[in-house]
Each structure stands twice: as C-alpha cells, then as structure tokens.
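As structure tokens, one chain now follows by itself in the form predicted alone.
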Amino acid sequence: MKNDNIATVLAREYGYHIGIIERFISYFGLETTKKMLEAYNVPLKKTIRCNTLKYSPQELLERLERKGFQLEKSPYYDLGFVILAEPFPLGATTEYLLGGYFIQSQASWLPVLALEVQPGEFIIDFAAAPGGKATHIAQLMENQGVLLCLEISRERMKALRSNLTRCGVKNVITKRMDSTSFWELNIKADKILLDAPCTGEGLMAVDLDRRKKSVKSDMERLNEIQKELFASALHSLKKGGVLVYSTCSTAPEENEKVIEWALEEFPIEILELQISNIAPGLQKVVKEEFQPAIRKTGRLFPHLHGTEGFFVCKIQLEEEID
C-alpha cells in the first residue's frame, strides 16, 4: 500500500473506479472528496411532493399520519415532506394511486421552483419522462395555460402519460420526438425546463453501479447532446423567456462548462436563483476559470445538503433567436 497513491487507496476503500476518484480530487480537492465519498455511503431519505391539484399539504399530512407514516417538512419546499417512518411502501397508498403526491427527491424540486411558474403561461418540458417535474409544473400552473411535454423514448412516454393522468394534469400536450430538433418547428415558449440527460454522477448514493465504471466516454457523448438540447431550447424561447437547465451530476463538464459555452454562443443572461441553502456554481476547475456570472448557478452536494449531487441554472434570453 505504500506505493499506492491516495486515489487508488480511496477507490479501493469505497469501491469506485479510480478515474472517478481522480476527477473528484482534481475538481474538489482531497478533503472535500473524502467528505463526498462518506456522504454517498449514507442512504438518502425518501421524500414526497404534495400535489395540490388533489390535496392540500395539511390534508395529505393528516391522511398519511393516520396510516402510520411519520413525516416532517422539507427545508427546501413547503409542499415537500421527508419520510421518517414508512409502515408500508409509499407507492401502495390510496393517496399515491389517486395522484396526491409524487415520490421525488428534494433536489428534483429545485429546477421547477427556479422556473417560477405562473398560471396561464406556455411552458415546455424538454425531457419530460417520467413526469416528476412535469406534474410539478402543471400543479403550479393550476392547470391553466399550456404545458408541452417532449420525450424521445416510447417506453418512457408511457410512464409520463400515466403519471400525468394519475396526478390530474389537464393542460398538457405530449409529443414523442427528439427535442434537439424541436427548434425547427419555430414554436416560441414563455419558459422551458431542460433537465438534461447526464451521467448521473451525483447519484452515487442511489445507484451503486455508477461507482464501478469510468464516465469519461459517456460524458463526452452526453455533453454534445446537452449542448444540442440547450441550443434547441434557446431557439424555442420568446425574447425575455426563461430557460432552467439542470442535471443530477457533479461534473463541471456537464454543468458550468455547458453554461460557459452558452454564454459565449448566445445572447443570454444568468439570473439569480431564488433558492436558499444552495451552494454557488464553481468559479474555477483546475486551471480553468469561468466567467463571474457562473457563480449565480447553484449546486447541491451530498456532504453539505444531504441530497444527491445536483446542478441548476436559470437563464433569460435577451434577444429572440431565429
């Protein structure tokens, strides 16, 4: 072991591909990496989001407590609850089957909160399945306006439509297509949510298989898709429209570097996130420094926030793109 470097030791100790550990250390430093690895060994608490199209938070709380569930309010959201005790599966209650709540991580609420949804708007969810964020948008729209949900996968579209129906969403149109080509339809929205496909590098506590493989090749492939989706979304916004970009990844390549690229390519402005208890975006990765505006983006880390690793950014389009 004397000849082993620290990355090799940590990879062996925590059961990770050494390439992941080396990246973590280079980006976040040794001490933060150790804290992240420890945090990823702690299972995430289950959380649910109350669907106000069906129940008020108080009514839902009382119903679940009568069944023996113990809950507490989430620090991130008034409509979110952390499950402290679960006498039987959350997906087997009458309230769940009737669409009264969505089983969803706390981090997944943040992109929709950042979007600051208003009833009557035209909003597009660019990667909508399985519907957690889409149903959240619809309930904040109070079923008023138009929500367009795009999804490329036929199988995932089935789950999306099922969840939309279960949750009582009525103002929705679903379309199975590749969102990278949506801009060709020349449709302009008020707001767009792009919860982009990513490596899921922030999900090490949930998906242990992700620890065992290098993500480099996947990251390079997904980074191109992220940029194509980003460009398509910006072309599909009205002037002054808002785009929220998010990933469940800690990788700067999928987060700050995508935003840096977009700032150089398009007439956009990064807006402040009106979300408390969130870390700012990285200002520097190894020797690469980002524009000061990148600090307005937000991050969640497992060791700081008790969530998966997550990234969110809110952007306004200053000039409509033809």
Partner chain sequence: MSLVFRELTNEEETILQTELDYWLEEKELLSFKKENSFLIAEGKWCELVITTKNVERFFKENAQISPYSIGITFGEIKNRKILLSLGGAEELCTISRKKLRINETAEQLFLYQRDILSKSIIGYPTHVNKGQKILVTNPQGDCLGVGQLLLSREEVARVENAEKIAVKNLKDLGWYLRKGK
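Everything numeric in this text was worked out from a predicted model, so none of it was measured. Numbering follows the first chain given and starts at 1.
Same protein, other form: the form predicted in complex with the partner chain, not shown, and the subject of what follows.
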item: Contact flag, F122 vs the partner chain in the predicted complex, heavy atom cut 4.5 Å; value: yes
item: Non-hydrogen atom contact F266 with the partner chain in the predicted complex at 4.5 angstroms; value: no
item: Partner proximity in the predicted complex: G91 to the partner chain, non-hydrogen atom cutoff 4.5 Å; value: yes
item: Distance check, H235 to the partner chain in the predicted complex, heavy atom within 4.5 Å; value: no
item: Triplet P197, K213 and K227 all within 4.5 Å of the partner chain in the predicted complex via a heavy atom; value: no
item: Listed range touching the partner chain, judged in the predicted complex by heavy atoms within 4.5 Å, from 132 to 140, 198 to 206, 168 to 176, 217 to 225; value: 168 to 176
item: One residue of F290, F28, Y55, W261 in contact with the partner chain, assessed in the predicted complex (non-hydrogen atom, 4.5 angstroms); value: Y55
item: Sole residue of R63, K257, K35, K46 within 4.5 Å of the partner chain in the predicted complex, by heavy atom; value: R63
